[in-house]
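There is one chain below, alone, in structure tokens, taken in the form predicted alone.
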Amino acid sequence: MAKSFPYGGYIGQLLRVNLSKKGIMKEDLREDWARDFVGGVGLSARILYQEIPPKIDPLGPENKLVMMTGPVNGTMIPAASRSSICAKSPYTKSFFHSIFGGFLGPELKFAGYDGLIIEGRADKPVYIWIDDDTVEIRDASHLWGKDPFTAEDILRREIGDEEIHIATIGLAGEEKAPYAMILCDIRAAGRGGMGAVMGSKNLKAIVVRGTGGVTVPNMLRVYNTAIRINELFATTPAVQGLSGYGTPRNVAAMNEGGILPTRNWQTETFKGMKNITGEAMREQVVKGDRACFACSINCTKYSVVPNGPYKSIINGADYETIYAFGSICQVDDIRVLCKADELCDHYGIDLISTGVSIGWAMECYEKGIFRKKDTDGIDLHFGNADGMLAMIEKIGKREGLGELLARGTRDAAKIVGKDTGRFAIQNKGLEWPGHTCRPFPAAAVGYATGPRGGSHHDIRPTAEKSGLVDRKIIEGKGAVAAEINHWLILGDSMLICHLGEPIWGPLKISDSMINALNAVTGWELDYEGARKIAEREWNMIRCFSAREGFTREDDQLPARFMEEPVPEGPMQGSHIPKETLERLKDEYYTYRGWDLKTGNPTKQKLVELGLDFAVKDVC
């Protein structure tokens, strides 16, 4: 067992599994790294920066997969169920963190580990079985080729316990498809190709059973903090809407506001919206509500389409499903979207990248760039639900046009040419989520400079969308974006759910976030102390990107957002011209103390943050 750790909320122990050498080692968590980087994403970035060389092949054995918890995991702090899986991404070619909820992260802590570091590559399919102190690398040949749900069923029978928690990949991960995801109980580590990294290591699953607990310095303080935060959740309308309808509660309001991306972002209003709202979903398919560990929001909707061609059972659909397969592809049947969600889980592919890639292909089809001979005979007009579902199958199996689309829109557009990159909705290779930035300059520069590219969890448009800051003013938006970055990265290191945004943010690190961290750890951070940690974490990740060769030139937006104003609706005329983006970048880099030419941290900034070890790589 780990030695006594000086901070509450931590086990004080990491588990390292070397699949090449079949080695299993338990090691102490560094106290200074815990204090400087907290846990989750921040700590994972520090570990990976230290342990993997620059420019490695993301699908080679040198890459490492780090599953990390945070100090609040496994406590009664609400919405603290999240966990992170981090690696060098085969999709974006830099550091990537994929966050998921459910129960797996807390269970890993209950088994006695703050995190799991997986290195090397097994010579045949394996899974890792963690049963408290007992850790084994087991043969998974009988699971290879199985979809995640079937593999999980087999594992539960094999181990003889229905309560174990499992992360597993599907066919896409086994085939190392660039945007393969990892299914983790009822949620998924969906983005950035973490499933491909797992598959490259011949690792089919991670299975965890823990019977321990988490120690805090003052249980009454944690209890009272949890009560106060739960009261905020219960009385904040934006959070309560999630309890009723999940994230699809956003659909109608976004359409009415003219910010529901539609038809591969050619417009931002969808006439078929009323059939795919959270309310329509609740009426037609939702059978129950599900929550992650210690969470009172209950945002996950258990949905069933009982029969017919779209028969399916899912935990969803979430807003991003409705965006990616609904408005982006102009499909207005919630049953179809449930089936699309189920197919993505079956193959183990990221539903956002899948849907946006199909939307790109539909635009190619309607512009005559693709014909039926290119699509295996599938009609890919916008609105063709059955054609969309057929293409998901093609992507999952990497057949025909699906082989091209499985590469993602950036690479697909390079291969096809014919100016199709102009409507490839991606940044740094990652397809865009369903949250616009064309009317929102702070969100625009946040997306452009974010380490993952098209991720709404590196920036949030909430402040500008809700009127907390004036969206029409450019000045000061670099600072707004940076402070939103800070609460998001600290949250991803504590591992609290961003859906508590009104309580954790939304403009900067909140007292609620600091109080939760202090209560669990026994620290007494003030705002400036918490902000300094977040700034250090953000700069650490930027150093990783800089070491991989990323510069200011990579901080871009899709061409459509810069060159094509929204054509209709309340946000008609909105866009972020190239010159506006460059102005925003200057302001953002200046606020951060980064070099204006490269867009990367300066020596002075790195020394100030205690990151002087990175100076030789970046400056």
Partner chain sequence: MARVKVKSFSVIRDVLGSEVVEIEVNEPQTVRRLFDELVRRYGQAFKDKIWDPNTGQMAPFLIKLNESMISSTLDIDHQINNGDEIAIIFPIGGG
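Residue numbers count along the first chain shown, from 1. Fair warning: this is a prediction, and the values are worked out from it, not measured in the lab.
There is also a form predicted together with its partner chain; it is not shown, and the following applies to it.
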Subject >> Answer range among 537-545, 153-161, 271-279, 102-110 for contact with its partner chain, defined in the predicted complex as heavy atoms within 4.5 Å >> reply: 271-279
**OP:** Using heavy atoms only and a 4.5 Å cut-off, determine which of 525, 304, 253, 219 is in contact with its partner chain in the predicted complex.
**Re:** 253
Original post:
Which of 247, 521, 427, 375 has a heavy atom within 4.5 Å of its partner chain in the predicted complex?
Top reply: 247
Original post:
Using heavy atoms and a 4.5 Å limit, would one call residue 515 a contact residue for its partner chain in the predicted complex?
Top reply: no
Original post:
Applying a 4.5 Å heavy atom distance criterion, does residue 401 contact its partner chain in the predicted complex?
Top reply: no
Original post:
Do residue 391 and its partner chain share at least one heavy atom pair within 4.5 Å in the predicted complex?
Top reply: no
Subject >> Distance check, residue 470 to its partner chain in the predicted complex, heavy atom within 4.5 Å >> reply: yes
Original post:
Does every residue of 16, 122 and 134 put a non-hydrogen atom within 4.5 angstroms of its partner chain in the predicted complex?
Top reply: no
**OP:** Would you mind checking 205-235 for residues with a heavy atom within 4.5 Å of its partner chain in the predicted complex?
**Re:** 228, 232, 235
